[in-house]
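In structure tokens, one chain follows: the form predicted alone.
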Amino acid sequence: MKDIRKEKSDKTVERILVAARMVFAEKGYSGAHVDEIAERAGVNKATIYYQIGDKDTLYANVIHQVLGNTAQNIAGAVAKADSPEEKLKAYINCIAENVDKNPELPPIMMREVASGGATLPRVVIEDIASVLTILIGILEDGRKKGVFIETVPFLIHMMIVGTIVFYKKAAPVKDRQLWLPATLKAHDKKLKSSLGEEVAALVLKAIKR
């Protein structure tokens, strides 16, 4: 009986988190209301407060669920790679895959960047720090082995994340502009491989000795 109750509770929490991710992505932290999240999840507000907590806790859970898993996935993928170059490729591909699997996360994080991180929970900052720590290790290993030049890890991370996120979000906008001159469209070529692999090739070209 306890297992059945726990299974129902877990499913309810998952529905709440899915609904919350959609609302936070569409309206941001300030514009999101627990009432709307409850309605989309098919529960009442009391259930949200009982199962997860208040709006701040819900917001932290939504982002942490994605970024925490991303940090674990990156660490696992990087550990399997041998050379600094392959480790960096694994790092970048994991981020690209994360963006694909969690389309609600970029608009949430872009709002946080625009607001100066006004409502960014500490647990999320810790998740980001975990991801950056992995990148620092890769870059330092590559530098010591004479493979990479000395760089600023946060700048490299933003090159990776910024390129992936803005490409994913801006490409549909560009594709709708049928009036664009033929001279511009002539350079609008499809990616030869996955977005992660394309970004990895560009970053490696920039930082390799």
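Please read all numbers here as calculations on a predicted model, not as lab measurements. Note that residue numbering follows the sequence shown and begins at 1. Between two forms, the rigid core is defined as the largest C-alpha subset superposing within 1.5 Å.
Another form, the form predicted in complex with a further copy of the same chain, is not on view; read the next lines as being about it.
a further copy of the same chain is not shown here, and in the predicted bound form it never comes within 4.5 Å of any heavy atom of residue 68. Under a 4.5 angstroms non-hydrogen atom cutoff, a further copy of the same chain in the predicted bound form lacks residue 44 among its neighbouring residues.
Proximity of residue 34 to a further copy of the same chain in the predicted bound form: non-hydrogen atoms within 4.5 Å are absent; the residue sits far from the partner. The closest non-hydrogen atom of residue 78 lies beyond 4.5 Å of a further copy of the same chain in the predicted bound form. The candidate site formed by 16, 60 and 100 is entirely out of contact with a further copy of the same chain in the predicted bound form, as no residue has a non-hydrogen atom within 4.5 angstroms of it. Counting a residue when any of its non-hydrogen atoms is within 4.5 Å of a further copy of the same chain in the predicted bound form, the hits in 120-146 run 122, 125, 126, 129, 132, 133, 136, 140. In a rigid-core overlay of the protein, residue 33 has its C-alpha displaced by at least 2 Å between this form and the one not shown. Superposition of the core reveals a Cα shift of 2 Å or more for residue 55 between this form and the one not shown. Once you line up the core between this form and the one not shown, the Cα of residue 160 stays within less than 2 Å of where it was.
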